[in-house]
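Given as structure tokens, the chain that follows is alone and in the form predicted alone.
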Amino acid sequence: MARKVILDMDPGIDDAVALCLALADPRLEVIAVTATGGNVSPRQATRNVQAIIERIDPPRWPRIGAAESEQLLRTDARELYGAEGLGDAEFTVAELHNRHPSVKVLSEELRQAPGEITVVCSGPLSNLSALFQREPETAAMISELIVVGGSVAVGGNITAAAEFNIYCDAEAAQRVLRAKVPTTVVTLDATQKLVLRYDLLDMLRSRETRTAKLLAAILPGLYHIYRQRYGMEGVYLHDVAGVVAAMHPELFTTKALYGEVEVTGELTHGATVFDRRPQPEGAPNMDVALELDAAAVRDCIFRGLDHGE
């Protein structure tokens, strides 16, 4: 039986690849994709979710949740992913009226299948935070929460101390990670061990599927930026690891830790702080992915995208 998942994301090229991979894998039933601002504005994130799904046109369309237009965020990633978040590609989308807010979609789907749904969050945690504040009982309805974000020992990627997704809305992340939900946090410590090199782009360009055509249109600019800015012959696709963790948790090495999010520090705002002392003061509140099997995760990504629609 396929695992029911809701993807809460802020596309972003890496989120686009993650969504394509999730839609391609028969082990996952993507019942909803809820947009959140982060990499781009809330409105653009909603538009990008719709654009990706329209172009893939999967046999079963997931519900689409619209990001809250008044969502407050500390930064974005347009300088990395382009003004509209999907590189240099421009996509037209059908104008949808009466879009349901992401928080409403999350609530309705969790209540319809309590204890059956895995929520994969690959953007700021604003939607879940708002849901838990309005309807605290829904936290217990989540089977598992997978959060792409934070770091343990490698520092940050948006500031010296903070990872992007957590930093964007640190207060929301603090509330969500304090909730009593079985949570796996896929950190930079793990995702930075996975570099996708040009052979991924070569494979996509050689295929004629809708998935391959979409990703071949949006990925080249990201490779160019990574080469110019970081001197890398490849790219990090952090958010894809969250989807792979839902499909193949055995490919990740996790450790149960007690962790918190810093929300007041001038230099450390948004940092994830884990108690790694031999006798920590708090009981572990999450499983933290510190390592991944890079070769196996890479193979999973290639196989999945090669079999996309």
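Sequential numbering from 1, following the sequence displayed. Note that the structure is a prediction, hence the values are computed from the model and not measured.
From this point on, the text means the form predicted together with a small molecule, which you will not see here.
Asks: If we define contact as a non-hydrogen atom of the residue within 4.5 angstroms of the partner, is N39 a contact of the small molecule in the predicted bound form?
Replies: Looking in the predicted bound form, residue contacts with the small molecule include N39, since a heavy atom lies within 4.5 Å.
Asks: Can you work out whether S129 and the small molecule are in contact in the predicted bound form, taking contact to mean some heavy atom pair no more than 4.5 Å apart?
Replies: No - in the predicted bound form, heavy atoms of S129 and the small molecule never come within 4.5 Å of each other.
Asks: With the cut-off set at 4.5 Å between non-hydrogen atoms, does Q174 touch the small molecule in the predicted bound form?
Replies: No - in the predicted bound form, heavy atoms of Q174 and the small molecule never come within 4.5 Å of each other.
Asks: Contact with the small molecule in the predicted bound form for T159, defined as at least one heavy atom pair within 4.5 Å: yes or no?
Replies: Outside the cut-off, so no.
Asks: Just one of 251 to 259, 264 to 272, 65 to 73, 236 to 244 has heavy atoms within 4.5 Å of the small molecule in the predicted bound form; which?
Replies: Result for this chain: 236 to 244.
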